[in-house]
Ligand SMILES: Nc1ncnc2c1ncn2[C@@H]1O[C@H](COP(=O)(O)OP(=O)(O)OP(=O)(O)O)[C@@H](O)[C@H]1O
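First, one chain by itself: the form predicted alone, in structure tokens.
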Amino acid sequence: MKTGIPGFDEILGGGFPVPTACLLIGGPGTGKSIFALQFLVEGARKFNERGLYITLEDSADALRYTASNLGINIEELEKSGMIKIVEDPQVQNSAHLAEFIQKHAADCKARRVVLDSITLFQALQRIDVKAMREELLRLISKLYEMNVVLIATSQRGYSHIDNIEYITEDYLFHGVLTLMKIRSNATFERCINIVKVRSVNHSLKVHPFKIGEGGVTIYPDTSPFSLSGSNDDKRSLG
């Protein structure tokens, strides 16, 4: 499945295998929600593939406002049935959340599914790591059976690009993408790294990207200016 996001399919090796469950991790302001939303928008516009966006934190109106500021008319795609945004499922535990996502994905015949974010999914387990792992595997298995591509966002902060620690759920997903803001002196640069996507010959490099009109644009043939020197100060993350 080609994502349609400018520059991303080139570094991904052509697209995601179907089905795939991919985790999109990063700190605040790195572009996680915009990247995930654009994944649905490009699928609807370029490939006639329906998308489902489950937002557990932001409201649907907040997403529409963000998209509008980037020149993306989400409401038009909603009216045509190509994208469905569902907010605040008010589930009591992660098992109910899995059923909730599966039901809505089936109802709108989604080929692309976004869960933003998995942080609440973790909180529903009351820090029970074993239960979280089991329910997360169950969710991934159900969506896998539905033959969809899932992108789940996860809030994560890092202090240094060369010292990233991965946690339990990172190993459960078929793919892991890291978004980051790398500091170079008095400014920051947004960058993306594909940590893994199973069965795909993807780039291992850190690639710069921008967020502007239309959303995310990745530069597959450009090296980040923030990593051009050897000074460790240039590799600190925002």
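All values reported here derive from a predicted model rather than from experimental measurement. One rule holds for the numbers: they count along the sequence shown, beginning at 1.
Here the subject shifts to the form predicted together with the named molecule, a form of this protein not shown in this document.
**Q** Can you pick the stretch from 22-30, 44-52, 197-205, 168-176 whose heavy atoms fall within 4.5 Å of the named molecule in the predicted complex?
**A** This holds for exactly one stretch, 22-30.
**Q** Would the named molecule in the predicted complex be within 4.5 angstroms of a non-hydrogen atom of every residue among 18, 111 and 135?
**A** Not one of the three qualifies.
**Q** Give a yes/no on whether residue 211 approaches the named molecule to within 4.5 Å in the predicted complex, heavy atoms considered.
**A** Yes, residue 211 sits close enough to the named molecule in the predicted complex that at least one of its heavy atoms falls within 4.5 Å.
**Q** Though only this chain appears here, would residue 69 touch the named molecule in the predicted complex if you measure heavy atom gaps against 4.5 Å?
**A** Residue-level check for residue 69: yes, a contact with the named molecule.
**Q** Would residue 182 count as a contact of the named molecule in the predicted complex, using a 4.5 angstroms cut-off between non-hydrogen atoms?
**A** Output for residue 182 is no: heavy atoms all beyond 4.5 Å of the named molecule.
**Q** Quick one: does residue 34 come within 4.5 Å of the named molecule in the predicted complex, counting heavy atoms only?
**A** Yes.
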